[in-house]
Structures are given as C-alpha cells and as structure tokens.
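Below sits a lone chain in structure tokens, taken as the form predicted on its own.
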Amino acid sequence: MLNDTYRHKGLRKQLAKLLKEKGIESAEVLKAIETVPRHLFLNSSFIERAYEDIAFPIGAGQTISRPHTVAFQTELLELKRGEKVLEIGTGSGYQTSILLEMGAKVFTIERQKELFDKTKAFLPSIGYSTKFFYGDGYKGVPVFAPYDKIIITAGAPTIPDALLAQLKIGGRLVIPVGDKVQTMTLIEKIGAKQFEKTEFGEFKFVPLLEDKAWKG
C-alpha cells in the first residue's frame, strides 16, 4: 500500500516543473512538492491522478487542495527551518507534510474527528511526526503560542482575532478570506496590535468550521 515508486518520483518531478511554470519560485517549496508522496494521501480511486494539479475529496466533506494552492500558500509563509508553524485544518496531512519536509515545527489542529484520527495515525507511518490537536481552529492552540507562521487551509469569512493574537511580532499569517470564493490574504504582524494586509488572487476552499456553541 505505502508504495513510492520511481514512476511516482518522476511524476512529482513533472508536477514541480508545472508549478514552477505557474509561478512558484521558492526552490524549497518545489523540493518539498517533489519529495512528499501525494498519492499516499488519496483514496485508492484517485491515486492514478495524484500528480495532476487538482483537488480531491478526502472524506468528511473535506478536500486535499490542489498542489498549486498548497505551494502558493506555503511560499507566502516565507518559511525558515526550525520555525514554529500553526496549521489550521490538518485535513489529509499533505500540507502538514510539506511544512515538515521544509524543516518547520508544526502544530496542527483539525475539527473533523474522522480526519483527525485517520491523519494522526497515518503521518507517522510515512515518517512525518508532529503535534496534533483536535478542536476548533478559530481558537488556535494558544498553549504553544506565539507562532512564527500561521497557515489556514479552509475558507474563513473573517480573520479570527485569536489567531492574530497567537502570531509572533514579525510573523506571517496566510488565510483564504471569503464565503463562496476566497481571496488569499497575507497578514504580517508588525506590532502588538499592528498588521499589514496584502491580498492575492481568488481561490476556492471548503469552509473553516467552528463549534456551533461558540459564536464570537
């Protein structure tokens, strides 16, 4: 089952080349895309198409994002080895693995119990270990804050204040903001309560869920 063949490695090389053509410039991001075996994160019915630049369902109403989206968000983080990263929305664990491959210390939180259990068991089996949390991504994981970088892998109508508070001064937060269609947004924290916002193109994500009882 956990087969990673020369063919898969060749397909990943082609995928990295395609993403470079689509504007991804970071050599570290492209190397991680070339290294992480995306086909192992997919249901068997999709494996043949694992290295196409498309999203796939992963259960619980969630998806594994297009490789270009993963690479784009990761590049915006400007990640350095050893940095602490909070990931909101573990999902299949593919984005988590890209961050780990790049040398980040990752803290990842997932709202869907089915995905949380599955991914927590699966990632160590392919050599990726990290800290997993089950809970409301809107609240983040304050116990390990502040974080150098925060990445949100689901669409949010607004930027949660709790996450801004958990970002280190000088840190970067990448989040798709919007309801039906999202604008990829980069937030840079330049002071305790000072932020700079840069908006990029439109993307389509599944919505970021919050506990029904918790409406801020």
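Because the structure is predicted, anything quoted here is derived from the model rather than measured. Residue positions are given as counts along the sequence shown, with the first one as 1.
Keep in mind that the form predicted in complex with ligand SAH is missing from the display, and what follows is about it.
Quiz item: Just one stretch in 24 to 32, 58 to 66, 163 to 171, 177 to 185 has heavy atoms within 4.5 Å of ligand SAH in the model of the complex, so which one is it?
Solution: The contacting stretch here is 58 to 66.
Practice problem: Consider L208 of the chain shown here, and say whether it contacts ligand SAH in the model of the complex, taking contact as heavy atoms within 4.5 Å. | Solution: Yes, L208 is a contact residue.
Quiz item: Just to confirm, F107 within 4.5 Å of ligand SAH in the model of the complex by heavy atoms?
Solution: No, F107 stays farther than 4.5 Å from ligand SAH in the model of the complex.
Exercise. Answer with yes or no whether M102 is in contact with ligand SAH in the model of the complex, where contact means some heavy atom within 4.5 Å.
Key: Contact check for M102: no, nothing within 4.5 Å of ligand SAH in the model of the complex.
Quiz item: Should F72 be counted as a contact of ligand SAH in the model of the complex, where contact means heavy atoms within 4.5 Å?
Solution: Flag for F72 set to no.
Exercise. Quick one: from L115, V85, V141, L77, grab the residue that has a heavy atom within 4.5 Å of ligand SAH in the model of the complex.
Key: Partner contact (heavy atom, 4.5 Å) among the options: L115.
Quiz item: What residues of 133 to 155, in sequence order, lie within 4.5 Å of ligand SAH in the model of the complex by heavy atom?
Solution: Residues within 4.5 Å: G135, D136, G137, Y138, T153, A154.
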